[in-house]
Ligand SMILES: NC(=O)c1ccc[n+]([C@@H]2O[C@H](COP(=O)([O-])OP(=O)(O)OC[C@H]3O[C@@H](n4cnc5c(N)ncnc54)[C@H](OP(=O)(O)O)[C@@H]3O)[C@@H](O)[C@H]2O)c1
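Okay, here we've got a single chain as structure tokens, the form predicted on its own, with questions on binding and movement later.
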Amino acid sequence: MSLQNRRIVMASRPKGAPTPDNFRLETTTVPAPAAGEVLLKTLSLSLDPYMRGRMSDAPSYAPPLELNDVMVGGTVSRVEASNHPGYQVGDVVLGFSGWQEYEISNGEGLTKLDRSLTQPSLALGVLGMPGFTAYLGLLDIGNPQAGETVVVAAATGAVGSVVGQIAKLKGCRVIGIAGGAEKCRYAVEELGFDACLDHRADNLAAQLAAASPNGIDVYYENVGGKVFDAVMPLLNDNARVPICGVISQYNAESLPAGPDRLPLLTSLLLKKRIRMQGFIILDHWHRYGEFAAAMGPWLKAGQIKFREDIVAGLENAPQAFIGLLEGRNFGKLVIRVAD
């Protein structure tokens, strides 16, 4: 019998926030791997905010998805059949198969995972792109120094949770901003943050000012919107602001209402000599080995903790992704496609 592959494609481009109608689940036949190819079975699929940008046809750092394309995404997969000399049946690999159960690959872009890794899905989180994003953005651009104050939004998310913990390892005071009391308790009690504030609070700006009596030296930006509005007046001279995302704006179809803050921001950057820099982690992938050499021991020693939010079933990926953009996940969002 022919092997059947379930996959989720982009049925239409979202207008504002994605809806289930923007996705379509379909079934196709999987061909046998040719010479130099492997058949991959997806075990775990990573869901990440950048995927919303790929659904748009606006200019960006990566080409947009076309209609009826398989949704993109990092995956942990098992080699089911191999005609490739570098891979054997049973190998577990990190790749980019997207939202589907099977993929034929020529091996390009695959990374074999250590067989001793008992939780391979961590290669999609703390040991993968989110963890690497946290590490490089904080240390290269943020350059945290002992005794400084570091603020990170989405503090219990895949990136923010790692940012805060690395900052603590560097001797900083760390303030997280998250959505809800439960997430804030987790940031303080489990991750070791010094404080965590609920971004839904009406007086967020006042709370942040009270929690940052010496100002803010590093703000790791991955949200934007009202969180940055609260941070901006508290930035110290020579503050650093790494930017890896602005999730609050991904569904926006126009500029937000209200006064133009650009003159205020540019004046602030100049007067306080603030370094504000965006980065795309794929540009730095040649340094992944450096990151892995640091993160592996931290994780093994329990100095870095990491939480996964696992949803079972490929068919549930669209609704889980919609929830991700609304902040409903708690930890790194992973779809368990197969055991």
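In case it trips you up, residue 1 is the first one in the sequence shown, and so on. Keep in mind the model is a prediction, meaning the values are calculated, not measured.
Although it is not shown, the form predicted together with the named molecule is what the next lines describe.
Student: Can you tell me whether G164 touches the named molecule? I mean in the model of the complex, with a 4.5 angstroms heavy atom cut-off.
Tutor: The answer is no: G164 has no heavy atom within 4.5 Å of the named molecule.
Student: Although the named molecule is absent from this view, report whether A239 comes within 4.5 Å of it in the model of the complex, heavy atoms only.
Tutor: A239: no, not in contact with the named molecule in the model of the complex.
Student: Flag P49 as yes or no: does it have a non-hydrogen atom within 4.5 angstroms of any non-hydrogen atom of the named molecule in the model of the complex?
Tutor: Yes, P49 sits close enough to the named molecule in the model of the complex that at least one of its heavy atoms falls within 4.5 Å.
Student: Quick one: does N329 come within 4.5 Å of the named molecule in the model of the complex, counting heavy atoms only?
Tutor: Residue-level check for N329: yes, a contact with the named molecule.
Student: Using a 4.5 Å heavy atom cut-off, which residue among N222, Q100, T149, T75 comes into contact with the named molecule in the model of the complex?
Tutor: In short, N222.
Student: Quick one: from R173, K170, H84, K183, grab the residue that has a heavy atom within 4.5 Å of the named molecule in the model of the complex.
Tutor: The residue from R173, K170, H84, K183 that makes the contact is K183.
Student: Among 109 to 117, 264 to 272, 149 to 157, 84 to 92, which stretch sits within 4.5 Å of the named molecule in the model of the complex, heavy atoms only?
Tutor: Result of the contact check: 149 to 157.
Student: Any chance V126, A187 and R336 all have a heavy atom within 4.5 Å of the named molecule in the model of the complex?
Tutor: Verified in the model of the complex; spot residues all out of contact, no.
Student: Using the arrangement in the model of the complex, list in sequence order the residues of 22 to 37 with any heavy atom within 4.5 angstroms of the named molecule.
Tutor: Contacts from 22 to 37: none.
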